[in-house]
Ligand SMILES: NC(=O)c1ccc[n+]([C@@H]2O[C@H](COP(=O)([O-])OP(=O)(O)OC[C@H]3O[C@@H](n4cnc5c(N)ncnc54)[C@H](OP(=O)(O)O)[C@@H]3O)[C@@H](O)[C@H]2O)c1
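Quick heads-up: it's one chain on its own, the form predicted on its own, in structure tokens.
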Amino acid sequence: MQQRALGRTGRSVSAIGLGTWQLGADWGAVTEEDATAVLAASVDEGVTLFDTADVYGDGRSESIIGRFLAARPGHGITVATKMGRRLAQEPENYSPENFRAWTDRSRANLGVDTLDLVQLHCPPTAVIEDDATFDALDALVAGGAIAAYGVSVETTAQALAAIARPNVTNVQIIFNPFRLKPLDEVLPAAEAAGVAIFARVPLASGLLSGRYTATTTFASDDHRTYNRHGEAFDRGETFSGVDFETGVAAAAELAAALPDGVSLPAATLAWIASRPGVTSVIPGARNVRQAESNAAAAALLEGGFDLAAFDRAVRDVYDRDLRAAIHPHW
């Protein structure tokens, strides 16, 4: 597994990390035993980055990670958590007092004195543009509550604003074959600034797993059912904002472009990780098989797979089927 520099922190993280929203059981039941098995399988495959948030399962994801790591001293894992969604996403709620309360809660959940990395969890643009936001984050670093901070964003404009901040370690943004706009400006700007990029929602909420058909359904408590049109949060978070049936057809086209023996999710993760400026890709996994499959995609970065050919297929499908609906929005 390739290890890459985490911005200017002196840490390194794996090219394929692990997103842990699903371990909070917010979109389908996951037992703690199964969650722990996913974490262990990922570590065994060389994963050194866990991405979580204080609202995933109302702290359940953080707490499971904390208990898992406590049993593995010297683990070498970087835990990137997020804060900012425990209250309404209104600028006045992003205060030093709330930052302190949220980070204290995450420190307790994870069982650590200092959080490795805290990311603002898709805050309003006004928060990213406010100097006071970063003064408060700098104070948390100076006080030892956090070691570094970053920003998770919805749009490329927000990403560019965050990258311009001198002490931002990373930006987390949706980037996958159905969401190519970050290629235009965000990845080059981050690379030039020494800011790490975490590619989130890399499989477009499962569309790029290649397992879905136009008739696939999801549980009522799954965001892929209740947020398809942005009813609960930004619609770009669910299927990357792509119409479900359009996405199923686009995924089938991409799968057909692959050689025998290479799966669509593995090709997708390797393609994302191979783009200049990307530090780590953070797919989720609900079971050990998925965790092992995600991590194994890193092997495609070492040769034997024609990434250039897949890149051409990605751009062709995007330009024909998705660009008009997706590119202007995010």
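The numbering used is simple: start at 1 and walk along the sequence shown. In this text the structure is predicted, and so the values were computed from the model without any measurement.
Although it is not shown, the form predicted in complex with the ligand is what the next lines describe.
Novice: Where does the ligand sit in the predicted bound form: which of 186-194, 115-123, 137-145, 246-254, heavy atoms within 4.5 Å?
Specialist: Only one stretch qualifies here: 115-123.
Novice: Work out which of 89, 98, 225, 209 lies within 4.5 Å of the ligand in the predicted bound form, going by heavy atoms.
Specialist: Only one option qualifies, and that one is 209.
Novice: By the heavy atom within 4.5 Å rule, which residue out of 277, 284, 57, 66 makes contact with the ligand in the predicted bound form?
Specialist: In short, 284.
Novice: So in the predicted bound form, does residue 14 come within 4.5 Å of the ligand, heavy atom to heavy atom?
Specialist: Output for residue 14 is no: heavy atoms all beyond 4.5 Å of the ligand.
Novice: Using 4.5 Å between non-hydrogen atoms, is residue 127 touching the ligand in the predicted bound form?
Specialist: Residue 127: no contact with the ligand in the predicted bound form.
Novice: Residue 202: heavy atom within 4.5 Å of the ligand in the predicted bound form?
Specialist: Output for residue 202 is yes: heavy atoms within 4.5 Å of the ligand.
Novice: Is residue 294 close to the ligand in the predicted bound form, meaning a heavy atom pair under 4.5 Å apart or at it?
Specialist: Yes, residue 294 lies within 4.5 Å of the ligand in the predicted bound form.
Novice: Taking the ligand in the predicted bound form, which residues of 81-104 have any heavy atom within 4.5 Å of it?
Specialist: If the 4.5 Å heavy-atom criterion is applied to the ligand in the predicted bound form, 81-104 yields only 82.
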